[in-house]
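Taken one at a time, structure 1 and structure 2 that follow are two forms of one protein chain, written as structure tokens.
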Structure 1
């Protein structure tokens, strides 16, 4: 005899519900495309096809002569991402403890902490970069600040969820044995949360490398500066070389960080 359960009968109500959902999704897509005012005639015009046939082949014929300059800027991009991610990983810890309801048993303070993290996450890194470029000038430091502030919001949220999921029995046992606050922190809380803290920080570093690649477009340093110059000068072969370097660098970093995160968790 088969162990498979018999198929659930399709009632008219379920069929109508699925049809309504399908129509709603289709209507949403139609409304979205109609509201962005896409000029389909221009998209499929002969000039557009000529531009594609002229530009795309240059992407696959990269400017190898610019490899040295591009690699220097790629290293700068990685340094921006690393410094910003490291700062965010540290800044997110106190905010995470403030948001964790099992650590700070004050709803008002928990709410304030969540508002801070929510407000920080509301700003994309490119917007933060524009603000910091105006504040400290067009240099890599502006990119570091943008990455640090932007990453703090995400890491703080993830850290707080990790803290709230710890085994409180260990904390209670330490308190019963007379341990003080610092001993509870270092022997009861941090051993439980540190592996996941490090895993999330490394994962965020992966994301920040990608984000740092475009911050140079607004003057925040990194390889994005070269992308801007190459685009303005219509050097599509140089753009192709830049994209190739970014793809290789991001792939290597993803593989290494993925291996480290698997070992940690």
Structure 2
């Protein structure tokens, strides 16, 4: 056959880009694997075997006797998450309007709002919790504040996306009929965004239940406090029980919130 395939067209720019990305990735891996410090002798030591034999059976034989204490702390965890996320759901609204380019027609303010929200999001909740524990002492309030601030970052961003996607014609119509700014907000904007705001807030509550269950490790209240005690005292049966309670509670809350969110939208 005389059917020679024509050569594949390649633009030099593309080739260079690919080579650079490839080199960067290779360099990253070389750097990682040459400097990472894993103590293999410890990992594959007799102690590990002993630990496995000791911990795993305990872990899967949860301490039912502790159920009462653990449940009380789990409820506290849910309360922390709820208080924090409700506060965030409200705090995020003004910030979201500030970020939405169709509401505040000032690029500078939009960008500032985005920066605030972005900065907040970059902190893991547990770091916020550390700071608030230092500020208000080791109690649930520190956890609530950490959750509230952390959630505001994400909710503000999601809310502002919702606001930017609304139908502006309705607002034009209201303006044309002589409505003032507040009236437009409550008759034109809120009805459009409220279901999605609620849905996101509930979704964030799901995440917050997960997050607040570990805040106790740094002293910010909730079931995490028990994790630290159980872990320091090597009560693996308690760790197992705590984990079981968290899994069940989180699953139930996910189901309920999923149900409510489906009804909302």
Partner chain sequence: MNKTDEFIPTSLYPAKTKRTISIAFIVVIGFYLVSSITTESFIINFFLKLGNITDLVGRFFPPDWGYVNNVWPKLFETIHMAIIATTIAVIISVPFCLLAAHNITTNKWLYNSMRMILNIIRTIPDIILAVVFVGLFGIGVFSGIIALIIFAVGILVKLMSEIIEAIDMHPSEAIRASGGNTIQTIWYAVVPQILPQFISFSLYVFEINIRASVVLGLVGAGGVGQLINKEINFLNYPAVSTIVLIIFAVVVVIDWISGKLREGLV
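For the two forms, the rigid core is made up of the largest set of C-alpha atoms that agree within 1.5 Å on superposition. Everything quoted here is computed from the prediction, not taken from an experiment. Positions refer to the first chain, counted from 1.
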### Query
Structure 1 or 2: which one is the form predicted on its own?
1
### Query
Superposing on the rigid core, do we see a C-alpha displacement of 2 Å or more at residue 256 between the two structures?
no
### Query
Does the distance between the two CA positions of residue 233 reach 2 Å or more between the two structures, the core being superposed?
no
### residue 21 C-alpha moves between the two structures by 2 Å or more, core aligned
yes
